[in-house]
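Only one chain is included here, represented as structure tokens and corresponding to the form predicted alone.
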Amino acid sequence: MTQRIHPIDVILHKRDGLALTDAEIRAFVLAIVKRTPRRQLVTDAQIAAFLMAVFLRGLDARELATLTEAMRFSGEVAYTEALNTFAIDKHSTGGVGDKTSLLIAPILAAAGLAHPTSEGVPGIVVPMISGRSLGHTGGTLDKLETIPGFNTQLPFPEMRDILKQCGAALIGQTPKIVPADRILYALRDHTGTVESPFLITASIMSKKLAESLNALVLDVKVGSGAFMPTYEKSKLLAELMVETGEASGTRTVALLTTMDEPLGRFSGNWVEVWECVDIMKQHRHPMSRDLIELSNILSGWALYLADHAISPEDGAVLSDEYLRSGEAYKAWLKIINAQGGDTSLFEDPAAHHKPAATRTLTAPTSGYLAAMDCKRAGWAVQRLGAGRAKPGAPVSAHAGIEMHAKLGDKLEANQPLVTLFSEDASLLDEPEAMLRETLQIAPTLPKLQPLIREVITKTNLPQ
């Protein structure tokens, strides 16, 4: 007879710095998802204690891989391997104005549709599970749901049908997808364990690996707008995610990318959709240049991993060709239509932007835009109504900001710096003060970080 594993023993072992066995980890996760109000196999207090023990003691590579696997299989999985194609996704750790998913999904879908398999399925499929905004960072689902009728709550069988048709599907986590993560994530917020790189890795990777991926490209932010507070901690998170992905059999690469200013022209919800549609329709605004560059670099890595390009650099060139040819826009329309969205708004996306109040901040002096606290800029976007202070709160479709200058740009006095949008005029004052305080103008050109700081693959992981 198999000896029962008690939750308290698992907690004590990790508390005391011992390595947990695979059986202990799996039993603890199973107890989390199998409990009912009448049958508490593990209590909230015990889960909280486990989270704190992991926060303080960490996990070795085997423990982390096992925890991620147990969470991944705690609910339904996509089984995209049944499509006999190459499944790939991209994940970002979150930033301000970070809308690359809205470009990368149609770019890769276009590549897959251009080279179908012998079964007629796109050669690349993108089963993208995205999240919502929280804190200073935006959420892909909130942006997509500004498109009338667009349905993000699709079960995996419907998602697979859309992948066959369109090459990509953009959905949210349902209660049946990685339910262990929902429970652990909620308690992490209440127990001061959100910042654990081990728990972050298990949370992110369990959801991504539930998509049954062949490869995964990770965009790990560094800088003032990043979730992780230092470069070293961002790099550790990137290494842990690459190691965990590779341990699962998924080719994984992480790019450490600079988030010292909002990415692209707009930050918000509908305005970010508008910006991406403009790019796909060949209306390339100068303020979108970093967004286009990063999207092509990340897509380039995806195309390389999928053997559609001989190098990541050639993949980036190919990615831009899909954007410039209009093929990515065709794929975008196909995806939105398949998920119930109203594509007529994309004929003139600017006309759909209807904030109740706007305000433009101008440069007080001439000089160079030298620095800003990007996280503070993100909080300004949130306070305008575009983000949420707690899960489940509503967000505004039309709140946000438009940047009129990038770091390093030369400015004249009274030149526009940023325009604020809100659906409530009373919400403008605080974000204005936050932005005025953080946008710094200097007489000399600042030293800027490159967009791509470092690339982490299995070949350069620490031994």
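Owing to the predicted nature of the structure, the values given are computational and were not obtained by experimental measurement. For every residue, the number given is its place in the sequence shown, counted from 1.
Just so you know, the form predicted together with a small molecule exists too; it's not on screen, but the next bit is about it.
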{"item": "Heavy atom of residue 134 within 4.5 Å of the small molecule in the predicted bound form", "value": "yes"}
{"item": "Any non-hydrogen atom of residue 188 within 4.5 angstroms of the small molecule in the predicted bound form", "value": "yes"}
{"item": "Partner proximity in the predicted bound form: residue 224 to the small molecule, non-hydrogen atom cutoff 4.5 Å", "value": "no"}
{"item": "Proximity of residue 250 to the small molecule in the predicted bound form, heavy atoms at 4.5 Å", "value": "no"}
{"item": "In the predicted bound form, the residue from 159, 147, 204, 309 that sits within 4.5 Å of the small molecule by heavy atoms", "value": "204"}
{"item": "336, 200, 113, 215 - the one with a heavy atom within 4.5 Å of the small molecule in the predicted bound form", "value": "200"}
{"item": "Partner-proximal stretch of 284-292, 150-158, 351-359, 204-212 relative to the small molecule in the predicted bound form, 4.5 angstroms, heavy atom", "value": "204-212"}
